[in-house]
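What follows is one chain in structure tokens, specifically the form predicted on its own.
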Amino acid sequence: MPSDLRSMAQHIKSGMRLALPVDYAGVSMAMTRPMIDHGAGDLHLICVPTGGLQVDQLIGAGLVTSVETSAVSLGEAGGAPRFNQAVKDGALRLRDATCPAIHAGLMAAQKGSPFVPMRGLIGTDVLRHRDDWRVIDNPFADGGDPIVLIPAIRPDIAIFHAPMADRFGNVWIGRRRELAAMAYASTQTLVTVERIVDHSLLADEMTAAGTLPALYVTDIGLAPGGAWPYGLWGEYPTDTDELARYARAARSAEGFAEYMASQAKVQA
């Protein structure tokens, strides 16, 4: 049986590191309100590899201490207003990264390696602001061949939304391999889905290759439309009007509070 979303939010403790996916990969917006109501703060968000509405709302709710990301925005609706304001106010620690660097850090974690080397960061401003990244000489060269070491990213919890799971706990993620990387690297994985099917997704040749095994899934909640106002591949499109409405409202703390209160009434 699927779990209640509020009980799933109980997995989140203050100070945890949460991995959240990019807007097109299955954001569990259905988990946002339960997370806010649960109230676990001092969260460290890892955007895989960028963040958007969910990140902005968690920041606006005062639950976030730091964000590691290569960008945070609302796409066509513009900037993420609560994120932008928190950065301006110095209320948020921003760990600027790049998309490849975040994926590399997750890859290191899933392989049990302390780091993964990368070249593309050499000479960039991003590198100058990351004291946890290291530049060394390639030990397999004769010298003069610098390489960057990206430390493993090990989230406490990964949270995302997917089209379906089966009653055995397997989750179909299709081509969204970043969701698998999040789950492999994280200690726990919380997933909301559109529906739960009776047959095994791993036993079906058509779905097996795109299925995340139950071994990597901690809890599953049923939440039809759970990515809204974002879209979900193969299911429904993004509600760009709603994203724009939020962007306008959340320009101020008061407008953000009013928007979130109105959404709470709709969801009640």
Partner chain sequence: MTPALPREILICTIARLLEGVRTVAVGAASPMPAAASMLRRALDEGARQVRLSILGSVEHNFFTNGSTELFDCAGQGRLDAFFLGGGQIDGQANVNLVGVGDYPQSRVRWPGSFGSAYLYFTVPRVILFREEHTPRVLVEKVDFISAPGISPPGVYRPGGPVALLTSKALFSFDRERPGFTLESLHPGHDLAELHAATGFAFAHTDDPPVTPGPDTATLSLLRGRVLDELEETYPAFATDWRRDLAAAQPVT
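Source: prediction; values computed, not measured. Positions refer to the first chain, counted from 1.
Only in words, not in the display: the form predicted together with its partner chain, which the text now covers.
Checklist entry - Does at least one non-hydrogen atom of Tyr24 fall within 4.5 angstroms of its partner chain in the predicted complex? => result So Tyr24 counts as contacting its partner chain.
Checklist entry - Is Asp132 one of the residues lying within 4.5 Å of its partner chain in the predicted complex, judged by heavy atom distances? => result Result no; Asp132 lies far from its partner chain in the predicted complex.
Checklist entry - Hey, in the predicted complex, does Phe83 get a heavy atom within 4.5 angstroms of its partner chain? => result Judged by the heavy-atom cut-off of 4.5 Å, Phe83 is in contact with its partner chain in the predicted complex.
Checklist entry - So in the predicted complex, does any heavy atom of Asp166 sit within 4.5 Å of its partner chain? => result Asp166: no, not in contact with its partner chain in the predicted complex.
Checklist entry - Only one of Ser66, Ser200, Thr218, Ser70 has a non-hydrogen atom within 4.5 angstroms of its partner chain in the predicted complex; which is it? => result None of the others qualify; the residue that does is Ser70.
Checklist entry - Which one of Val193, Ala183, Leu121, Ile150 is close to its partner chain in the predicted complex, taking close to mean a heavy atom within 4.5 Å? => result Result of the distance check: Leu121.
Next on the checklist: So, a 4.5 angstroms cut-off on heavy atom distances: do all three of Pro49, Lys88 and Asp145 pass it with respect to its partner chain in the predicted complex?
Outcome noted: Heavy-atom distance to its partner chain in the predicted complex: all three under 4.5 Å.
Next on the checklist: For a quick check, can you give me the residues of 99 to 119 that have a heavy atom within 4.5 Å of its partner chain in the predicted complex?
Outcome noted: In sequence order, Cys99, Pro100, His103, Met118, Arg119 come within 4.5 Å of the partner.
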